[in-house]
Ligand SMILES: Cc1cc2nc3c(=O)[nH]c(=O)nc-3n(C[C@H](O)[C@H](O)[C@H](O)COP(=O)(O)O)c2cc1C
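The chain below stands alone, shown as structure tokens; this is the form predicted on its own.
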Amino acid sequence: MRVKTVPADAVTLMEVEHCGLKYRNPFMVGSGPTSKTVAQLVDAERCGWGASSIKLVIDPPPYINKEPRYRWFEKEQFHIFTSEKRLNLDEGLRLMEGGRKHTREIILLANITYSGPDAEGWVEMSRKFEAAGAHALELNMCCPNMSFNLDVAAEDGTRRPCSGASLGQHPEAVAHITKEVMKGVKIPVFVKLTGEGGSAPKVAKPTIATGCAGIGNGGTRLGVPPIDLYDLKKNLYGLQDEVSMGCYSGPWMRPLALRDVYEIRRTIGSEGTIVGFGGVHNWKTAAEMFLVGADFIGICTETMVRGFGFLPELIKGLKKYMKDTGFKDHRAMRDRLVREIVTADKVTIRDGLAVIDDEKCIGCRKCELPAHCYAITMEDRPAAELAAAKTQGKKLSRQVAKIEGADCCACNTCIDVCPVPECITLAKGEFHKAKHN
């Protein structure tokens, strides 16, 4: 088995006890390509991960279940896959049994979806994974490219979509299945919801009311792949014939994932447990996820790109941040940003304008380009000023940017496009209505 060597203290940092289970830390390998073999589960344990959710198990097998096609775009920081192979029930049970046999400290969750017509199928799958040794269950209501067109009989007899993102957008159906599964097993039950359609908060409320162990947000979005404008039939993958939609994940989607977790937290309140997925790849992004309401953090894409061994570095950076900012532990961080975010009608706008440091300005003209701004113009520096600077050994640009305060709306754009740090800053002052609309 392929394993990594990591610092000894990496496996005993930031302990969490939840629903009778003890996690070494709140970081979970998300269900996916890096949790489909026993060797990977052992590797994750050696690298200090608190938990791992095994590769998605679908029963009966879905009609779409092909060999994987992945691409990682380093510059854009996104990962996309158009095809993926899930585990069938027997494969999933063997993986869980093998994982429990060869690991001791990592918590293992069974990530499952039943694609049949009723909740009893979910219950039967759950019982089998409980018998196979799963510490907890993760009911998958999120994968966007799974079979969408099957139904489940909800408690009120209404027929509803029952697979993947389709099911995950129906509050009554998700809550009904969760409740039935919880009746059938004794181990904790987590529910992973889809971010598609913006439905996660409304689905989370009745689901958390069932008393389940926690809610997770889906860390992927379905989207159109990068396009070759000179060959529209060309796809991203060497061994695939057609262009197709794909599942996007990675650092690019962090703002969307943070919004999902924030909105779920605002909806369910402070008592429920949230597993935050999407875009976490270092200590800073982990801190952000805790601050908007996550109790646990799931990471998948980064393990596909960097392996499992980056976790000790992440935890080290996070602990330093907590020490620097006075947070006792990661639990103290939770929800702090939730308290600070206000609706747009409550935002206070202060008067002010941008100010340019003449000596730092290099005359690049980038601040002059934004089409919504008429405040900035370029002027020639006086010859005497250039001569004096040369005498003093300073090098000044021939032109310098100037701001007309009456036209400045203090929008920040000039600061963001300027290549010289602190060349342009914002200063409080009387705001004048812009001359140009």
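These numbers come from a predicted model, not from an experiment. Start at 1 and count along the sequence shown; that's the residue number.
We do not show the form predicted in complex with the named molecule, though everything after this point is about it.
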Q: Report yes if any heavy atom of residue 109 sits within 4.5 Å of a heavy atom of the named molecule in the predicted complex; otherwise report no.
A: no
(Q) Quick check on residue 170: any heavy atom within 4.5 Å of the named molecule in the predicted complex? (A) no
Q. Is residue 55 a contact residue for the named molecule in the predicted complex, using a 4.5 Å heavy atom cut-off?
A. yes
Q | Non-hydrogen atom contact residue 33 with the named molecule in the predicted complex at 4.5 angstroms | A | yes
**Q.** Stretch from 326-334, 224-232, 262-270, 301-309 whose residues place a heavy atom within 4.5 Å of the named molecule in the predicted complex
**A.** 301-309
Q: Counting non-hydrogen atoms within 4.5 angstroms of the named molecule in the predicted complex, say which of 195, 279, 188, 201 makes the cut.
A: 279
Q | Residue (of 78, 81, 296, 122) lying close to the named molecule in the predicted complex, criterion heavy atoms within 4.5 Å | A | 81
Q.
Is it the case in the predicted complex that 70, 220 and 250 each bring at least one heavy atom within 4.5 Å of the named molecule?
A. yes
